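Okay, so here's just one chain, in structure tokens, the form predicted on its own.
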Amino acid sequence: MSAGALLTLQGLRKTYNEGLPNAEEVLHGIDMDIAAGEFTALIGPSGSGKSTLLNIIGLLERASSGLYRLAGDDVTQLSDDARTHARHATLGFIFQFHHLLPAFTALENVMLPALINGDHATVESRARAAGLLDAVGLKDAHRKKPGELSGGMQQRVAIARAGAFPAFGARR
């Protein structure tokens, strides 16, 4: 693993229908390091394995072989429960569809990781969520519900929520 790498993949492979006549290898030995704070773009033609790679990085799917280190920990062979915990503690997701809860305000949607984590709506968690919304340019949208926001604004709420995961102390 490179010094300072938040995510390291070594020789990562993914084969669907492994061991069957219709087996298809879609990832062919991926090596990659991503440092904390680094921006990385994943581009390629349709069917080239982008979504599969993102699902593996997001601990939603398992690689067929290779090594995956996340925040210095080998997550390659974790149990499903341990993968769920690692995903919750380390990763934030922003999907194409925002999955904001329509009955919650923007502020409450950003606070969801804290609530899921068993924290209550403390002054600290509320201030942290407000700061994240402010950071994405939504200072005046804290009390608005998703239906009152444009698609781009909803995306920024999702970005703020994704940034909230490690901040709310998911590692216990």
Ligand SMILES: Nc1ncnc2c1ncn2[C@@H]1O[C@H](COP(=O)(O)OP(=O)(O)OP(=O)(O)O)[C@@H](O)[C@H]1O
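Just count from 1 along the sequence shown to find any residue number. Predicted model only: the values in this text are computed from it and were never measured.
The following text describes the form predicted together with the ligand, which does not appear among the structures shown.
Enquirer: Since the partner isn't included here, can you check whether the ligand sits close to all of 107, 125 and 131 in the model of the complex (heavy atom within 4.5 Å for each)?
Expert: No, because 107, 125 and 131 lack any heavy atom that approaches the ligand to within 4.5 Å in the model of the complex.
Enquirer: For residue 17, is any heavy atom within 4.5 Å of the ligand in the model of the complex, or not?
Expert: Residue 17: yes, in contact with the ligand in the model of the complex.
Enquirer: Residue 145: heavy atom within 4.5 Å of the ligand in the model of the complex?
Expert: No, residue 145 stays farther than 4.5 Å from the ligand in the model of the complex.
Enquirer: With a 4.5 Å heavy atom cut-off, would you call residue 26 a contact of the ligand in the model of the complex?
Expert: Yes, residue 26 is a contact residue.
Enquirer: Contact with the ligand in the model of the complex for residue 47, defined as at least one heavy atom pair within 4.5 Å: yes or no?
Expert: The answer is yes: residue 47 has a heavy atom within 4.5 Å of the ligand.
Enquirer: If we take heavy atoms and a 4.5 Å cut-off, which stretch out of 65 to 73, 47 to 55, 28 to 36, 99 to 107 is in contact with the ligand in the model of the complex?
Expert: Careful reading of the contacts points to 47 to 55.
Enquirer: Could you list which residues of 53 to 84 come within 4.5 Å of the ligand in the model of the complex, counting heavy atoms only?
Expert: Stretch hits: zero.
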